[in-house]
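A single chain, nothing else alongside it, follows as structure tokens in the form predicted alone.
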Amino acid sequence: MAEFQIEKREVSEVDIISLHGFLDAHTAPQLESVFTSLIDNSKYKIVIDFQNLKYISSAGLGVFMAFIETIRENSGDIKLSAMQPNVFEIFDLLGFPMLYEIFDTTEEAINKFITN
């Protein structure tokens, strides 16, 4: 099974989720649990840090689509940051840049929440 790890931290009421390794059908439920926990705790300002994510499958992409509507209905958003070129290509190919704000750095994504 592919290696996958999630780290969580909070900055100014923004939850930063750092992904490490490989996000696929086997590891996607771990990320689903994180989103479910955030929503259960009324935390809707979320930045995903992709800096250390090496691979994402369609199952991994599906996790983001599964939760975005609920988060936006609660005046929140999911902002994506620090993607490796191979990961960005997958998001770009499927039109995600039209649906999500994607930032070069996690700090830029955090600041977008703080300044709005």
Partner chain sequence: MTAKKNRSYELIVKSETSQLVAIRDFISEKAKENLIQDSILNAIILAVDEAATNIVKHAYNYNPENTINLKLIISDKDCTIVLTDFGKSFDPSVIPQPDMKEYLSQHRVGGLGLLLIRTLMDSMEYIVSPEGFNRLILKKVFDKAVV
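Numbering follows the first chain given and starts at 1. What you see is a predicted model; the values in this text were computed from it and never measured.
The form predicted in complex with its partner chain exists for this protein as well; it is not shown, and the discussion that follows is about that form.
Taking 24, 68 and 96 as the candidate spot, are all three within 4.5 angstroms of its partner chain in the model of the complex by heavy atoms?
Per the other structure, all of 24, 68 and 96 touch its partner chain.
Might residue 52 be said to contact its partner chain in the model of the complex, defining contact as any heavy atom within 4.5 Å?
Taking the distances in the model of the complex, the answer for residue 52 is no, it never comes within 4.5 Å of its partner chain.
Taking its partner chain as it sits in the model of the complex, is residue 39 near enough to touch it, meaning that at least one heavy atom pair lies within 4.5 angstroms?
No.
Using a 4.5 angstroms cut-off on non-hydrogen atoms, would residue 74 count as touching its partner chain in the model of the complex?
Flag for residue 74 set to no.
Please determine whether residue 56 contacts its partner chain in the model of the complex, using a 4.5 Å cut-off between heavy atoms.
Answer yes; at least one heavy atom of residue 56 falls within 4.5 Å of its partner chain in the model of the complex.
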